[in-house]
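Only one chain is given next, in structure tokens, and it is the form predicted on its own.
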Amino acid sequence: MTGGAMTGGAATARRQQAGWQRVLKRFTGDRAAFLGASLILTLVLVAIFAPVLSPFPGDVSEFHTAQRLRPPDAVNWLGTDRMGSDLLSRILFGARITITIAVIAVGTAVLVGVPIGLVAGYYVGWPSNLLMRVSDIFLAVPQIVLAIAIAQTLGPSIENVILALSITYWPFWARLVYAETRSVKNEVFVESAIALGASAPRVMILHILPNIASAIIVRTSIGMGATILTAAALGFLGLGAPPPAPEWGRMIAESREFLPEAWWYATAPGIAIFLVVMGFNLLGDGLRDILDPRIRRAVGRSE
């Protein structure tokens, strides 16, 4: 019996490995998803190696009055800002702020929203209804408005931006996991695990969660892009990282009084935000098409 169990376990492992190989093959064949992943990888590498890639790493937060608002040239490839700092260097270091805010805020929202959605979707009764009504209260207010209100109350700082985004984002994951758990809960393999005496935490963690992981991954990828865009909006309103931190949204806000003459001042950070958000959206759409079997079946029928 032990040998048979080991053989069955090995067969399951081989099937899982083959499944991941098929997913990887589909991913590399999806040009949009591959482009999105490349843009995200570029962002991560830029954030890690900003001191090496930056042409003027020591000038990110210093004033150089004589070099204010210089257009792009051979020395300053993207021009300079109102402080005379190299704009390319500030954008490269700003990638660190961007990825820090996105990773921590989305990670916190996932850690809060996923367990709440699992518990509310698995159990039936007033606790489940209470958890979902709390999430509905947060969802009733537009996310950007609630984030602005929280950030304005707490004051401008990176930590407060992360807190504001985390508080406003967790209901999206809670609602998604709640709906997916309700759907998967009635599947045969879940009912079989319950009939064999598996505890509720074991059923939720080992049986339900792995089967809804694809939906969580897709939502997280798209949520990263939305988080970066919202963080840039908060920075634009003066609620993000205080100056002279190289925050992309604040850089665009500072450039308004110098438009249209210093067009490069707003264009460079704007393009950076656009590329990063597009990268996460492309990756999220590609992962949805690859990981969601219902979409694959629908595409197969249409073809």
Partner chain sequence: MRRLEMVLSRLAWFVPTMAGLIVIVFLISNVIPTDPVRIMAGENATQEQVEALRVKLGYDKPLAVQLLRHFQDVLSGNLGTSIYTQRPISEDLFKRLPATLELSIAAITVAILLGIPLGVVSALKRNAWIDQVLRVLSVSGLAFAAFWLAMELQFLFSMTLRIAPLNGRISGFGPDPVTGFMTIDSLIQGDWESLRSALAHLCLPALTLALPAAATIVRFSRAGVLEVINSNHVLYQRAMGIPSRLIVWKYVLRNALISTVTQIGLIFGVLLTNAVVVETVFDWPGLGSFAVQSILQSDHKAIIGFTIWTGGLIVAINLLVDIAHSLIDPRGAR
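On a predicted model such as this, the values are computed, not experimentally measured, just so you know. Positions refer to the first chain, counted from 1.
The same protein also exists as the form predicted in complex with the partner chain; that form is not shown, yet it is the one meant from here on.
For this session: Given that the partner is absent here, state which listed stretch (103-111, 118-126, 139-147, 189-197) has heavy atoms within 4.5 Å of the partner chain in the predicted bound form.
Result: Stretch with heavy atoms near the partner: 139-147.
Exercise. Pick from 215, 83, 158, 233: which residue has any heavy atom within 4.5 angstroms of the partner chain in the predicted bound form?
Worked result: Contact check passes for 233.
Exercise. How about residue 270: is it within 4.5 Å of the partner chain in the predicted bound form, going by heavy atoms?
Worked result: Judged by the heavy-atom cut-off of 4.5 Å, residue 270 is in contact with the partner chain in the predicted bound form.
Exercise. Is residue 32 close enough to touch the partner chain in the predicted bound form, meaning at least one heavy atom pair within 4.5 Å?
Worked result: Residue-level check for residue 32: yes, a contact with the partner chain.
For this session: Tell me, yes or no, whether residue 154 is in contact with the partner chain in the predicted bound form, where a contact means a heavy atom of each within 4.5 Å.
Result: Although the partner chain is absent here, residue 154 would touch it in the predicted bound form, with heavy atoms inside 4.5 Å.
Problem set entry | is_contact(residue 133, the partner chain) in the predicted bound form, heavy atom dist at most 4.5 Å | Result yes; residue 133 sits at the interface with the partner chain in the predicted bound form.
Problem set entry | the partner chain in the predicted bound form - contacting residues of 273-291, heavy atom within 4.5 Å | Stretch hits, in order: 273, 274, 277, 278, 281, 282, 285, 286, 288, 289.
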